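In the form predicted alone, a lone chain appears below as structure tokens.
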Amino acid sequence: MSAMRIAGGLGLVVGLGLAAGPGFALEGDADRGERVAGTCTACHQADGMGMAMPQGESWPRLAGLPAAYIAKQLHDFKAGRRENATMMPFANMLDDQQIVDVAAYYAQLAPWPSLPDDYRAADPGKSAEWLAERGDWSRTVPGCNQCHGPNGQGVGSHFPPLAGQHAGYLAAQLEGWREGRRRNDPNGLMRGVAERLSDDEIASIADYYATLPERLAASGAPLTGEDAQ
């Protein structure tokens, strides 16, 4: 058998394998996804902005999150790599095509606010800002922005935006990683960080990112996207 025929056969096998895997060779359709998302609106709202109940549960903003990130979370709920009593039954109702469709729908909704990405020195007197931007290397805690990007705007499909997400949801996820209830992060990175944070630090970091777009806007920092008004 010639090298060309071998290479061609291997390419076919690889192609079939990719097509069979979840998320591969499936193109999301936002129109179909909107119909699927009808079951999501009770918690995540019709505009995908989520909601937070004072002293209660918070449902995250999905609008503008990367489609690949949303799809991964839904697959992780189905596989039990991420646990939530409300989300798991809904995720298990979706097939692979519906997952990429609903992910495409939410991704194309209102864009996440685009924040300044120029360097600014963290204020050592503000513990949440310092942890977010610089971390605490004496405890092997990296700054959140080192993975999630300047001002927590998100990087790729593994590190979602934090700025503008609901504080209750952010705090609940950090607590989940710390306690081992959430374990679907790359290389266990988030658990390693969260288990070194105190309750007060988790609450302050969550509030820092949740209110960051408004505080930057109030300071005169330029914003783009949906919040640039």
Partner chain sequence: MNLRSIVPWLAGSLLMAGALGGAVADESDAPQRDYQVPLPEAPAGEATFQPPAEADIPDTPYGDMVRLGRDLFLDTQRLRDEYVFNDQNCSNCHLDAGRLANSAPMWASVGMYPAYRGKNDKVNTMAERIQGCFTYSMNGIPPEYGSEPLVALQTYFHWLATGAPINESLPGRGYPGLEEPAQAPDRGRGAELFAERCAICHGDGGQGQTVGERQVFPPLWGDGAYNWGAGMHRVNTAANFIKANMPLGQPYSLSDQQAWDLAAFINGHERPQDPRRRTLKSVDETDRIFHQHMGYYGDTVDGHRLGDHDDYGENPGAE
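Residue numbers count along the first chain shown, from 1. Predicted model, so just to flag it, every value in this text is computed and none were measured.
The same protein also has a form predicted in complex with its partner chain, omitted here; what follows describes it.
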query: Its partner chain: the contacting residue among F159, W112, Y106, F77 in the model of the complex [heavy atom, 4.5 Å]; finding: F159
query: Output flag, Q173, E195 and R215 jointly within 4.5 Å of its partner chain in the model of the complex, heavy atom basis; finding: no
query: Which of 197 to 205, 181 to 189, 165 to 173, 58 to 66 lines the interface with its partner chain in the model of the complex (heavy atom within 4.5 Å); finding: 181 to 189
query: F90: touches its partner chain in the model of the complex, heavy atom cutoff 4.5 angstroms; finding: no
query: Close approach of N145 to its partner chain in the model of the complex, 4.5 Å, heavy atom; finding: yes
query: Contact flag, D117 vs its partner chain in the model of the complex, heavy atom cut 4.5 Å; finding: yes
query: Any non-hydrogen atom of T140 within 4.5 angstroms of its partner chain in the model of the complex; finding: yes
query: Contacts with its partner chain in the model of the complex - residues in 124 to 154 whose heavy atoms fall within 4.5 Å; finding: P124, W130, R134, W137, T140, P142, N145, Q146, C147, G149, P150, Q153, G154
